[in-house]
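To begin, one chain is listed below as structure tokens, in the form predicted alone.
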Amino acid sequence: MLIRGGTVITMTGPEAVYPDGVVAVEDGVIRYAGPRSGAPSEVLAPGWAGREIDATGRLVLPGLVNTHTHAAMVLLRGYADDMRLMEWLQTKIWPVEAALTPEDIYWGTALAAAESLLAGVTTFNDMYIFEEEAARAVEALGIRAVLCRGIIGSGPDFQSRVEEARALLERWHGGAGGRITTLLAPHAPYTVPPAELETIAGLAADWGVGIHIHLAETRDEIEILRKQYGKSPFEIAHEAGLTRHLVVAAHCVHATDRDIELFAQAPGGGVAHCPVSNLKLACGVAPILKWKAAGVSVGLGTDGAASANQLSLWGEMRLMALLQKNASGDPAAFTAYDAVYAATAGGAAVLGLQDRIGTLEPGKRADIILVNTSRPSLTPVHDPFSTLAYSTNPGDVETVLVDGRVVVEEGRLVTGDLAEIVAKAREQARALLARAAAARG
């Protein structure tokens, strides 16, 4: 496949922007990405490409990476808003989640995958239950995903969830043609005791996988752990051995300088920053500039649609930049390029996938999106990073490739029946709330 004529943005640096660019894809892998003048002559020769995409008037860039979500929570979109996190979890979300079924997870994840792809998100990192059903949906829709069975509790509950995580890894790690990988996912230090976190650290070493966890999302969480253990979430995670591994840490809002120093010792991973969810739940603003200064990778996440209400990274990108500018008092402290980087290459690094995705470079998988700049709200394009970070919306994404396969064309999902997915998800959401109501009596 040959994508030609667009402005190719490789995300290998602020200067790597090529107005008359070319991306050549072979067997799902990027063979060349850059200026037309530097392309190998054979890829430009008539007949080399089985298909050519005219990208004139489009921005061509890596697919976006959602570093933290609970995909099937789209079924609870708008169900419980305008509440504090702990109240929201304990009185609304956890009681309904107790009634979830495998079929709910399949159709919820299918809807999340469809919404994500249409918005240019080609990879998401999921923490939820019945993840084998999520894997089936990921395989069917053609998206890339890191799937994690969420682990909460201690004793038999903890053990049973660990066994489900083991089954997921054995069946799906490297599945769907390599598009699915897995991590171990203890929910948080306030829901998984230190002894169990130590067990998770040992399993991560035995199984050769990283860890996905919520850390320091709210002040309430900090107070709970200080009273119970006399330590911060980061101190607990570090002492349990989690930072000996790749760690994807969601939120990281209330981190001290010492916390950042401890977390920076992890050999990989980083912060999954979810600004929309954090503001909506009044959790606070993560100190992203401090995290970056410490050398910690930062990516963007949406969290679940039950809190963020949508799975697009465009609004997250915009808000991330604005919050850091405001917090620092310096408009240049966090640039448009920084925001786009967090949504692409930064997110790939957080998930440990930087050798596969996140930039348009030879040898990487062809996860590529085209943004149509002929839209009134994107005209004119003086600076493509400014256009992407501050002006672009999900409907501006026109074409999406994952592993070199076109999954969205002319703004339409081509890997699934969108009308069926929407109808089934709506039906599952109604049935879920009815079951939860019946269980409450």
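These numbers were taken from a predicted model, which means no experiment stands behind them. Position 1 is the first residue in the sequence shown; the rest follow in order.
FYI, the form predicted in complex with another copy of the chain isn't displayed, but the following is about it.
- Between 62-70, 45-53, 32-40, 375-383, the stretch whose residues reach within 4.5 angstroms of another copy of the chain in the predicted bound form through a non-hydrogen atom is 375-383.
- Contact annotation for the candidate site: Gly78, Leu323 and Ala332 all lie close to another copy of the chain in the predicted bound form (heavy atom within 4.5 Å).
- Mapping the unseen interface onto this chain, Ser391 counts among the residues with a heavy atom inside 4.5 Å of another copy of the chain in the predicted bound form.
- Mapping the unseen interface onto this chain, Thr101 falls outside it, with no heavy atom inside 4.5 Å of another copy of the chain in the predicted bound form.
- Another copy of the chain in the predicted bound form comes within 4.5 Å of no heavy atom belonging to Gln354.
- Taking non-hydrogen atoms only, Glu316 approaches another copy of the chain to within 4.5 angstroms in the predicted bound form.
- This chain is drawn without another copy of the chain; in the predicted bound form, the residue among Lys231, Lys292, Lys280, His187 with a heavy atom within 4.5 Å of it is Lys280.
- Checked against another copy of the chain in the predicted bound form, the residues Val350, Leu215, Leu300, Leu111 give one hit for a heavy atom within 4.5 Å, which is Leu111.
- In sequence order, Ala308, Asn309, Gln310 are the residues of 298-314 having a heavy atom within 4.5 Å of another copy of the chain in the predicted bound form; the partner itself is omitted from this view.
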